[in-house]
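The form predicted alone is given below as one chain in C-alpha cells.
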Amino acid sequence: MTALTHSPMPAQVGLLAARAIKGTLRNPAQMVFPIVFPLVLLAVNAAGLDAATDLPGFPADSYLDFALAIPFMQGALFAALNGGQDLARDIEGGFLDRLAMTPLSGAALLAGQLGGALFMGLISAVLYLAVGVAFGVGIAAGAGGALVLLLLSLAISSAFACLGTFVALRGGTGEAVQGFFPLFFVLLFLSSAFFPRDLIEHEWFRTIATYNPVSYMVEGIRSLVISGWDGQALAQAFAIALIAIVGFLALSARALRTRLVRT
C-alpha cells in the first residue's frame, strides 16, 4: 500500500492495473465464460441463420462473416461486467475506503481499475479474430484492417468498462452491476448485430436499431470484415466509443468523489 500511494501517477496506474489483471488471471471463470459463450453463440447463429445470406441485398456471402462482429461486442459486455464486479468487491471489502485515506490520485484509481477489463477485452478480441480466420472468415481490409479491428474492439471494451465502473461506483455492490447486465444485452439484440438495418422489415425495430449506438459499433467492426475500408462506418464507431469513454469516465470521477466524501 505504501509503495502504491507514494509512487508517481503513472506508476500508481501500473500497479493498480497489474493488481486488476492478476485478479482476473486468478479467477479462470472470469476468462473462460466470456470467451467460450460468445464463440458458442456465434457457431449456433452461423449454422442456423446462414439461409439469410440468400436474401437480396444481404451484404455477405457467409453469415459467419456477417456475425463475427457479435462476439467482439459480447466480449466488451463481459469486460464491463467483470470490471464492474471487481470494483464492487473492492468497495464492499473496504479496499476503496483504505485508499481514500491515502494521497492516491482518483484518476489513477479509475485508470488502474480498468486494467483488468481492458486486458480481458484484448485477449478475447485476439481469440475471436483468430477463431474467425481459422474457420474461413476473410478480413476484407487485410492485415492492417485486422489491427484496426483489434484497436476498435479495445476502444469499445473501454467504453463498456467505463460504464461498468460507473455503475459499480454508484451502486456499490456486485448485484447492482449484475442488474445492469441484461440491459446491455437488450441493447445488443435491438441493434443491427444479427441482421442488416436496411433489411429489417418491422419499422419499429429498424427505428430502434438506427438510434441504438451499439449498431454503429457493430457496423464499424463488420465493415472491416466484409467491405474493407469504410471511413464513415469506422469514424462513427470510434466516435461513439470515444464519447462513451469520456462521458462515463466523467460520471465515474464524479461518483468516486461522492463515494470518497461519504467515507
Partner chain sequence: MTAAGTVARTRSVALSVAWRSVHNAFHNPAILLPSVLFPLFFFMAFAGGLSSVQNVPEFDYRSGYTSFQFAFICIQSAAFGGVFTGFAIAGDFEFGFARRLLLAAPNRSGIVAGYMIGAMVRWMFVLAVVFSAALISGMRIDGSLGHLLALLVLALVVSATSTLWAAGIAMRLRTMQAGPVMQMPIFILLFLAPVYVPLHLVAGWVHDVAQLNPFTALLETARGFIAGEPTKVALSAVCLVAMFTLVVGWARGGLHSAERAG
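On a predicted model such as this, the values are computed, not experimentally measured, just so you know. Numbering follows the first chain given and starts at 1.
In what follows, reference is made to the form predicted in complex with its partner chain, a form of this protein that is not presented.
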{"query": "In the model of the complex, residue 195 touching its partner chain (heavy atom, 4.5 Å)", "finding": "yes"}
{"query": "Contact of residue 186 with its partner chain in the model of the complex (heavy atom, 4.5 Å)", "finding": "yes"}
{"query": "Residue 47 within 4.5 Å of its partner chain in the model of the complex, heavy atoms", "finding": "yes"}
{"query": "4.5 Å heavy atom contact, residue 190 to its partner chain in the model of the complex", "finding": "yes"}
{"query": "Contacts with its partner chain in the model of the complex, stretch 37 to 64 (heavy atom within 4.5 Å)", "finding": "37, 41, 43, 44, 45, 47, 48, 49, 50, 51, 52, 54, 55"}
